[in-house]
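One chain follows as structure tokens, the form predicted on its own.
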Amino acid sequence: MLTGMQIAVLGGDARQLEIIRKLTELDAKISLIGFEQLDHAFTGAVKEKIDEVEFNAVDAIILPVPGTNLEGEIETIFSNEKIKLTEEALKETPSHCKIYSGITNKYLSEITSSAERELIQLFERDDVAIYNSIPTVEGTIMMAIQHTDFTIHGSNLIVLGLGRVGMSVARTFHHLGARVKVGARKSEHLARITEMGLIPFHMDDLEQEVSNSDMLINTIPAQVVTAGVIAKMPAHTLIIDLASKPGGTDFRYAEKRGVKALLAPGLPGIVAPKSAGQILANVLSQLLLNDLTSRKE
């Protein structure tokens, strides 16, 4: 149980509701910041403005999956007011206070470091990323069906990257009957692609590999789908970019050439917020329980 633990949950989307539900069931005291328009009430959770929070009593801060933007602002679908997390607020917290976020950026990393508070990136964890790949793949299938006039079965599909999401995407589309080629750089990834019964190629050869592609799904958070690559694609190719913003595609050139390119980060929160929220809630609750136990020892 998390009895006696004070947790501040800042902003976010529907995934945060599952986190709040789980933590209140474990008897934590929750401050909800950026939830003014939320109709549902949780026992043990109180709505507050960020300037009303007593940060000197907060044991943990939970941010949405994207964390903050580069100005420190936090997106929320439950409030029209802007929420900003500052270094000054973090410095008010007890030294044991940890900040939990899906991912980070320059601003968030700098303020947590300057305030000497530990930042936990949940999406750096293998368990979260692998579980999260399930709704990501389902959302990708949905987008592929919505934005093409041909079946996945029999189509020529390119997947870029064989990380935790890339592997799930490649395997699932292969089982749906697509002819799947996977681009990677590491020799062990190229070997794994072969072992999976898929067609491997080195990322250096990407321009040559896209000449007959029907779809390209990118999972690499770097500009890899360049203008040179897009120029070699058939005009009907659909690009679905799953990498975190700003993605790995030259969207300007894709639009200029008439190639449909969709940036789709955060698919789990869109297509399956309840399931995605439960994944985060289960991992978060265990981390918080471990932290509370270690502080009591």
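All residue numbers are counted from 1 along the displayed sequence. Everything numeric here is computed off the predicted structure, so don't read it as measured data.
The discussion below concerns the form predicted together with a small molecule, not included here.
Comment: the small molecule is not present in this chain, but in the predicted complex one of L190, V165, I111, C97 has a heavy atom within 4.5 Å of it, namely V165.
Here is the short version: of I61, V65, L242, V229, the single residue with a heavy atom within 4.5 Å of the small molecule in the predicted complex is L242.
Heavy atoms of T219 reach within 4.5 Å of the small molecule in the predicted complex, making it an interface residue. Although the partner is absent from this view, L267 contacts the small molecule in the predicted complex, with a non-hydrogen atom inside 4.5 angstroms. Residue contact check for K186: one or more of its heavy atoms lie within 4.5 Å of the small molecule in the predicted complex.
The shortest heavy atom separation between A178 and the small molecule in the predicted complex exceeds 4.5 Å.
Across the options 190-198, 78-86, 165-173, 205-213, residues that bring heavy atoms within 4.5 Å of the small molecule in the predicted complex belong to 165-173.
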